[in-house]
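Starting off, we have a lone chain in the form predicted on its own, written out as C-alpha cells.
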C-alpha cells in the first residue's frame, strides 16, 4: 500500500485530493491548521500542524516505519480576489515559509516524489482574444499580484531542490477551481461560489438583484474539483518535469457565468455591477501538456455549477434559517 502525505488537507482541493487517493487504495495522512469544514476527512490520520515551522514539517513527514511514497504540498494562505487583493504580506510570508520548509525537509528526509500546487496567477495579464500562453511564457515574468510572484518563486525553489537532490518534483499551475465543499462566504470565496451564494440568497429571500464586482467582461476558465484532482494524480505519476497548466478549453466571461447560474437557479435577477477587485482582464492557456498524459475534463462548467449551486443553496437555506446570513 502506497503512503501519501497531503499538506493542506483541511482545505477545499486538499480535502478532495485525500478522497481521490483513498479511492485509489493509498494510506493517507492529512495535515493542516484546521480540519475540513463541511465533512469529515477521509484521511487515515490527520495532524493539526503549522507548516510555517520547520519542526512541524518534520513531524508531518515522519512515519513510524519507512517514509512517504508521495508528498502533495497544497498548504497555503489563500482565497479569491477578495482576499489576495489585500493580503499581500500574509501571502508572501506565510506561503513562502511553508513552501521552503516543506521542500527542504522533504529533500533531507529523502522523499522521492513531491507535488507542488502552483497557479496561473504566475502569468501576466492578458487582453481578450490573445493567443494562448504556454508554460514557457511565464518568462519574462510579470504576475498580476503578489500571490502570483510567491507561486513563481516557490516553483523555482522546488525545482532547485529537485535538481540537487534528484527528487521527482511535479508542478501544476491551477486555473480557477470550483465545486461543492468549498468556501462560499466570509471573504475568501472565489467567483463561482460567491455568485452562487448571492443568487441563492436573493432567491430564498425574495430579493430582485445581486451585486457583482467589475463590469462582467473579465474572461476566465473554471475547472471542476474532481477533474482537477484527477489531473494532479495523473501528473504526479508521470515523467513530466516542467510546470503544467491544468484547466479546460471552456472560457466564459463573468457576465456569462452569472447568467448561467441564474439559469441553474431558475431565477432572473437584476445585476448591479460595482467597484471591487476583479484581477486580470482575460485568460487563455495551452493545456497540451496535461492533455498529452491522457487527461481530459469530465465536467463542463455548467455541469459542475449545477452540482455546486445545489450544494451552496442548501447551505444558504440553513444559514438563513439559523440567522447567519
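Positions refer to the first chain, counted from 1. What you see is a predicted model; the values in this text were computed from it and never measured.
What follows is about the form predicted in complex with a small molecule, which we do not show.
A.B. asks: Taking 4.5 Å between heavy atoms as the contact cutoff, choose which of 194, 76, 212, 229 touches the small molecule in the model of the complex.
C.D. replies: Going through each option in turn, the one that passes is 76.
A.B. asks: Of 305, 316, 13, 21, which one comes within 4.5 Å of the small molecule in the model of the complex, counting heavy atoms only?
C.D. replies: When the small molecule is considered in the model of the complex, the option within 4.5 Å is 13.
A.B. asks: Would you classify residue 58 as touching the small molecule in the model of the complex, given a 4.5 Å non-hydrogen atom cut-off?
C.D. replies: No, residue 58 sits far enough from the small molecule in the model of the complex that none of its heavy atoms falls within 4.5 Å.
A.B. asks: Does the 4.5 Å heavy atom contact test between residue 265 and the small molecule in the model of the complex come out positive?
C.D. replies: Judged by the heavy-atom cut-off of 4.5 Å, residue 265 is well away from the small molecule in the model of the complex.
A.B. asks: Could you confirm whether residue 33 comes within 4.5 Å of the small molecule in the model of the complex, counting heavy atoms only?
C.D. replies: Taking the distances in the model of the complex, the answer for residue 33 is yes, it comes within 4.5 Å of the small molecule.
A.B. asks: Is residue 49 one of the residues lying within 4.5 Å of the small molecule in the model of the complex, judged by heavy atom distances?
C.D. replies: Yes.
A.B. asks: Within 4.5 Å of the small molecule in the model of the complex, counting heavy atoms only, one of 127-135, 233-241, 250-258, 147-155 shows up; tell me which.
C.D. replies: Answer to the contact question: 147-155.
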